[in-house]
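The chain below stands alone and is given as C-alpha cells, in the form predicted on its own.
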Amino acid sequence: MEFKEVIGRRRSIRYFLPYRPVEREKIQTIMEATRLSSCAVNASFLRAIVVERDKLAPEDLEALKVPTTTLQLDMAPVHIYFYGNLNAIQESHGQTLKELFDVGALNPTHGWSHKFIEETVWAQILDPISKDPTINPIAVSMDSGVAMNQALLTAFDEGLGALLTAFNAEKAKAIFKVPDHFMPLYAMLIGYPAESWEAGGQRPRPALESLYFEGEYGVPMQRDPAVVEQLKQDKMIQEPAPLPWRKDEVRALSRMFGLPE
C-alpha cells in the first residue's frame, strides 16, 4: 500500500482470527520498523517483549487482562508488550550522539563536536534530565510513542490487524521477568482480522480547525477542501463510521464466535 492509504486503513481491530498464526517474518518486519524510528539523542527508548498467545499458560493469559482488554487477548495470536527504558539516556552517556556526529548526521555547521556533546549536551542537559523523575518518564514516553506508532502502521502495511491496548502491568512484570527500570506502556495485539478491514468505517475525530492553530492559539488552521478531496483519492480520508452494514457484521461475528449479541 501507499503510505497515505496505510494511515487511512488503520483501525483498532478487536476481532481477530484466533486460529490463524502470524508469519514470523511479518513480526520481524514490524520490529525492524520500530527499531528504525526517530529517537532523541539516538538512544533507543522502546523495549518490547514479543509473545505468542498459545505459548502463554491459560492462567497467565487471564492474569494479563484488564476490564477493557479481555476478549482481544484471547483472539490475537501475537502480543507485543511495549516498555520504555527509563535508563536509556544514562546508558547512552552521550556516546550515541557521538555516533551521529561521526557518521555526519550532526555536524560542525550546527555547532556540534565531541567536546560540545560532552561538556554542554551531556553535562548540562541530558544527565540532569535522566535523573529527574518528573521529566525523564515524559521524554521516554514521547520517543517510545513514536516507535510504537511506526510498529502499528507497519502491521497494517503487512496486511494484518492491530490494536494498542492496556494490560495488567504488575502481572506482566512477574510473568515476563521485566526489570524495574522498564516503564509499562501498551500491548500491541496483532493478527489477521476476523472483521472486515473497514471495521465499520473511519473513526470519528474532531474537526481539524478545532485541534490545530496557525501562528498563535485561537487562530484555527484553515482546511482546504481541495486537499481533502485529494486525500480522499489517496485513501487517507475514507468513509466515516458507522458504515450501514456494521451492526450486521458485529452480529455475525458474535454468532461466529459464540459471543453475546
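The structure presented is a predicted model; accordingly, all values stated were derived computationally and were not measured. In this text, residue numbers run from 1 along the sequence as written.
Just so you know, the form predicted together with a small molecule exists too; it's not on screen, but the next bit is about it.
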Quiz item: Is R223 a contact residue for the small molecule in the model of the complex, using a 4.5 Å heavy atom cut-off?
Solution: no
Quiz item: With the partner left out of view, is K55 within 4.5 angstroms of the small molecule in the model of the complex by any non-hydrogen atom?
Solution: no
Self-check item: Interface membership of L163, the small molecule in the model of the complex, 4.5 Å heavy atom rule
Solution: yes
Quiz item: Within a 4.5 Å heavy atom cut-off, is Q72 in contact with the small molecule in the model of the complex?
Solution: yes
Quiz item: Pick from 232-240, 26-34, 61-69, 215-223: which stretch has a heavy atom within 4.5 Å of the small molecule in the model of the complex?
Solution: 61-69
